[in-house]
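In the form predicted on its own, a lone chain appears below as structure tokens.
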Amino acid sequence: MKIGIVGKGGVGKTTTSSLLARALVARGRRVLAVDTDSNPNLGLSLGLSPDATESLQPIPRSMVVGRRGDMTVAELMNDFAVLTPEGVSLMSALRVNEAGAGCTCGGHASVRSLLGEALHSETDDTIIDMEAGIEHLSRAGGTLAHADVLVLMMEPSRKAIITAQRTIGLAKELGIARWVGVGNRVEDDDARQALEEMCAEHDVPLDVVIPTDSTLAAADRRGIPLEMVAAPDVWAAIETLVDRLDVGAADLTHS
């Protein structure tokens, strides 16, 4: 699968991307995670040190992969991917190191080119941890145009759900017909009920709910991976997400 993790800023895309990637690896899958944040830190959640995360070289902005380019997927991964301590291969697509460096459109084009190729020879699943917002779906061609499924990350707020609603509209225009709604940092039954009501109001699916957990929050603050034996309710929700992603296309299609 080629999975895009999308949503407004601060809803937990990077943390969820890392948990999902690790859960897939635990099931015996070969997983590539691509960090598209211009301030990349997915590596921390996958067990890389701050120095190793900082030194990860981004994919060149002009890179075109496959038949139209001069690099195969295998060559690209060999040159620009690192195997993290959690067993996930990681690439960085973007990095902004100085003010006034210009737009990141070239990096997004490289990601689109990568996703357009047959990745199955090197990976079973590719997870794209997208930067905040929906601009990546409105760029020429759409960064995620070749994604198989989108994971719509939402917190219990109307702003997050409206962003998900807009994302669905853009996904349809790009021909992406599969998405899964994930509520994150849901503190209690009242928050869950509010989330369910707002999702229903805006015609946004709510397929998985990840509860608030102090252990996960502490790991995030320290910039380290969540232990597999910690936060069992969080891991149970992630396993439910994997199951949802693995079911047939008919069950994942919302129209």
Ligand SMILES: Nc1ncnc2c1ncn2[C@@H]1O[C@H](COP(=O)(O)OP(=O)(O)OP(=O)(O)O)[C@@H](O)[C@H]1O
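Note that residue numbering follows the sequence shown and begins at 1. Remember, predicted model here, so these are calculated numbers, not experimental data.
Beyond what is shown, the protein has a form predicted together with the ligand; the following relates to that form.
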- Message: Quick one: V34, G43 and D243 and the ligand in the predicted complex, is every residue within 4.5 Å by at least one heavy atom?
- Response: no
- Task: Could you tell me which stretch in 208 to 216, 191 to 199, 24 to 32, 48 to 56 has residues with non-hydrogen atoms within 4.5 Å of the ligand in the predicted complex?
- Result: 208 to 216
- Message: in the predicted complex, is there a heavy atom of the ligand that lies within 4.5 Å of any heavy atom of L83, even though the partner is absent here?
- Response: no
- Exercise: N184 in contact with the ligand in the predicted complex, heavy atom 4.5 Å: yes
- Message: At 4.5 Å between heavy atoms, is G9 in contact with the ligand in the predicted complex?
- Response: yes
- Query: Would A74 count as a contact of the ligand in the predicted complex, using a 4.5 angstroms cut-off between non-hydrogen atoms?
  - Reply: no
